[in-house]
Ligand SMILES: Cc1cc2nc3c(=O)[nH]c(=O)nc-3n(C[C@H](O)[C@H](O)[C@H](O)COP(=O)(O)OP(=O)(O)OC[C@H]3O[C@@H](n4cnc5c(N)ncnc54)[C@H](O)[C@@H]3O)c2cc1C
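Just the one chain here, laid out as structure tokens, in the form predicted on its own.
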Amino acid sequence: MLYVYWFRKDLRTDDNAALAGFFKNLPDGSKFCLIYIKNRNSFNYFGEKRISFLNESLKELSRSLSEKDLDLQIIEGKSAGIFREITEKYGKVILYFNRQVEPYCIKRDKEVKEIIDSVGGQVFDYNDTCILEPGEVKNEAGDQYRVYTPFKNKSLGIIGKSHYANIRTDLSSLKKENETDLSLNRHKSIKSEDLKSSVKGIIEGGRNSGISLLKEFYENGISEYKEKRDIPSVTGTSMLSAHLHFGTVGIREAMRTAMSALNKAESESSKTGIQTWINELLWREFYYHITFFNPRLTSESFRNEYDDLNWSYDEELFDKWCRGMTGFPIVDAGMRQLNSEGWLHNRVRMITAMFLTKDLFIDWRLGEKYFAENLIDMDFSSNNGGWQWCASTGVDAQPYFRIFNPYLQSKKFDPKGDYIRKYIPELKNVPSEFIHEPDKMSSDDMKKYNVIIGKDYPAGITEHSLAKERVVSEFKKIKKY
């Protein structure tokens, strides 16, 4: 009999629910191994910067285990095939892992469980991705919530210390002499030192980096989160999204940190800032629960009727949006930040997504895929939920007739144009008077500020007021009123 621990989106040894269960229940003298399976999942969205973050995290996890005289066996291939070979070679397998909510992960785990069940083995899975189990938060009718605010309020009434308590792990129960080297014939084993991190983004992988960010945010950012989170030119957010996705920092650790800060907060403004971040953690929770109960979201709108919208698929306009060449500075700055850093400020995610889906009326699925391919912190539930919110097709989405004006958003959240100038060097000399709408400069202004609109920087590719009329008209065809 072989006991296997399978690391997935939980790349840490501390406060890890399934790993703690594995350590606790492993009988003395039992053969065991710790594995990670490196495989592009069926959603197939993995950009190079994201892979670099993952590889850095795996290297650090491997080092932390080796310090305890343990090995992380990284195996390349499809999960079902790997476990089929493990059961063929070792017979009965007892497998531990933390559950995931994505439909393609649930399908994968079902296949693996069937393989292990077929040889008389067992699978033990745990909740580690969510604070509350999907299904634990229900409305009065006993169904899932479809609106965030009542979900949040119900969740806050349920969540207690036990939901975010530190789950202690004791690696001392694992003895090196009982560790099994799988040495599979049909699948490639990868040494952690061979993992490449060639194309790096702005966020460094690994638990040490994640814990440092969490500590910095706790000490210097969380109390001011509400007032700074929407300003893209400053570091007003935690920057923890990639770490929460890959589990280098656990969601319980994030919630525990927030609750600790809330209990120690002395001013009402600090409490408000901290509570706002807690609410954002619960937005993540909300989207995770929605994904769990709605597997069709991998390809469909949450509100099915909107799959009949007459979306545009203009390749030229989409390419200009991708490259940050729309002529709308706040949009272009955001897309260039995404392309260069593998990360994008959340306010600007909303602005760029709504520009694509409303001003250009391009299918949200194209934007969702582009973000997924380029974001280090790509998380299916949050990415899909955010895109459908902006497109007005999702759960508790922005009403279709409420459309961000990119110029007003720019003036409100980047009033001096600091963010725009950072990512659009063509506009570095343009004063705040024109930075949000450079089209308004005269020919003399353009010469004065050394940028010719239409040549050095593009003119706007659409007219916002006309685009808004189009969107409302197309949605009304579906709404029929």
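Everything quoted here is computed from the prediction, not taken from an experiment. In this text, residue numbers run from 1 along the sequence as written.
A second form of this protein, the form predicted together with the named molecule, is not displayed here; the remarks below concern that form.
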Exactly one listed stretch (90 to 98, 182 to 190, 293 to 301, 230 to 238) reaches within 4.5 angstroms of the named molecule in the model of the complex by non-hydrogen atoms, and it is 230 to 238
| message | Taking a heavy atom within 4.5 Å as contact, would all three of Y287, N346 and W387 count as contacting the named molecule in the model of the complex? | response | yes
Students should find that, of S79, Q144, Q398, N383, the residue having a non-hydrogen atom no more than 4.5 angstroms from the named molecule in the model of the complex is N383
Among D109, E280, E224, E204, just one has a heavy atom within 4.5 Å of the named molecule in the model of the complex, namely E280
Going by a heavy atom distance of 4.5 Å, is L360 a contact of the named molecule in the model of the complex? no
Using the partner position in the model of the complex, report whether D332 sits within 4.5 Å of the named molecule, counting heavy atoms only.
no
Exercise for review: Using a 4.5 Å heavy atom cut-off, state whether M255 contacts the named molecule in the model of the complex.
Suggested key: no
- Task: May I ask you to check whether I86 falls inside a 4.5 Å heavy atom distance of the named molecule in the model of the complex?
- Result: no
Those residues of 353 to 386 with a non-hydrogen atom no more than 4.5 Å from the named molecule in the model of the complex are A353, F371, L375, D377, M378, D379, S382, N383, G386
